[in-house]
Ligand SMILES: C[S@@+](CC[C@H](N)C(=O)[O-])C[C@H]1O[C@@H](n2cnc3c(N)ncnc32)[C@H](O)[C@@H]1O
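Before any questions on how it binds or moves, here is one chain, the form predicted on its own, in structure tokens.
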Amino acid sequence: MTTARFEPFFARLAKTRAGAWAAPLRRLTHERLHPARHGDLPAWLAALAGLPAIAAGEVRLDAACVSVAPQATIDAAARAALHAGLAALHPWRKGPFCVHGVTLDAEWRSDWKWSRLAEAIAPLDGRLVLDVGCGNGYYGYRALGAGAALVLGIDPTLRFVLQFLAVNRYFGEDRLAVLPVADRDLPAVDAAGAFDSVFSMGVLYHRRDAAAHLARLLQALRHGGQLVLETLVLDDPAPDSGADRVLYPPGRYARMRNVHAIPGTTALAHWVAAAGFRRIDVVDITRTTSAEQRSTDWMRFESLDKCLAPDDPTRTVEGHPAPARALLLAERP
């Protein structure tokens, strides 16, 4: 049964400061991975079940392409079955992963984002980490590779949970899970929180209530714990576009329907401070390019290049400032 694959992780989680979460998260995971929850879930589960058994050799969680190599040469039939099973879970948004000779070149070069934050954040050695909106778990693997003790990833998109289960069949990590829940589903915790580090990367602008999202992140952190927040910001060079400005797209933003607010960096810092964080520091602002986010064989839908104005790549097709992303660090007092 699919949920049984998470039991070793739940056993580890139960022994941490977040141990009270293990039982309710187990229940939610069981409910949401029921085949009746999503019309495509039976097909995804069939793809998962059809993946070939391949004994793992060297595992690298600290490499740009999170990788596992086979113990021995695998035959063409097994390689074809592996490729077909992973391809059945298209589109792959985060990566890259290198799985027994198959390179999953995802839409995002997530390793670039990791490289921007790796030296800026507090060392992850021995830390309990929560990754909210984690996708298929790429950053969770990188956190383990950087020394984290345990990483709880949550994402309500079932396809991403199945992608994690697919790659983790070969990585065999029970210190990481991607569970089918959202931040609003997290169990109540005591005032001191539980996690040493909380990641929210590419989530805030999708929330209608940004303050509520930030409040949940604060609650999950222990006192002195670190928030790692990556989000869209306004990086508009126009002289009247002050850093305290907030864009509320009236329709779509870069063809995305669910972008509710994009703040300037000053406004973003004010939001984070109002939520109760301190020691707020914007450590990086990077414009997204089509070298970092693009269509590939593993994500065949349109990507960033189709979302920018053809005659002005500094604007979206709707006329808004093109995507730029800030990395902000903060601390719970």
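Numbers for residues come from their place in the sequence shown, where the first is 1. In this text, all values refer to a predicted model and were calculated from it rather than measured experimentally.
As for the form predicted in complex with the named molecule, it is not shown, yet the points below apply to it.
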{"item": "Distance check, residue 235 to the named molecule in the predicted bound form, heavy atom within 4.5 Å", "value": "no"}
{"item": "Partner proximity in the predicted bound form: residue 103 to the named molecule, non-hydrogen atom cutoff 4.5 Å", "value": "no"}
{"item": "Exercise: residue 133 in contact with the named molecule in the predicted bound form, heavy atom 4.5 Å", "value": "yes"}
{"item": "Partner contact for residue 203 in the predicted bound form: the named molecule, 4.5 angstroms, heavy atom", "value": "yes"}
{"item": "Heavy atom contact within 4.5 Å of the named molecule in the predicted bound form, the stretch among 80 to 88, 120 to 128, 179 to 187, 162 to 170", "value": "179 to 187"}
{"item": "The unique member of 139, 92, 195, 97 whose heavy atoms fall within 4.5 Å of the named molecule in the predicted bound form", "value": "139"}
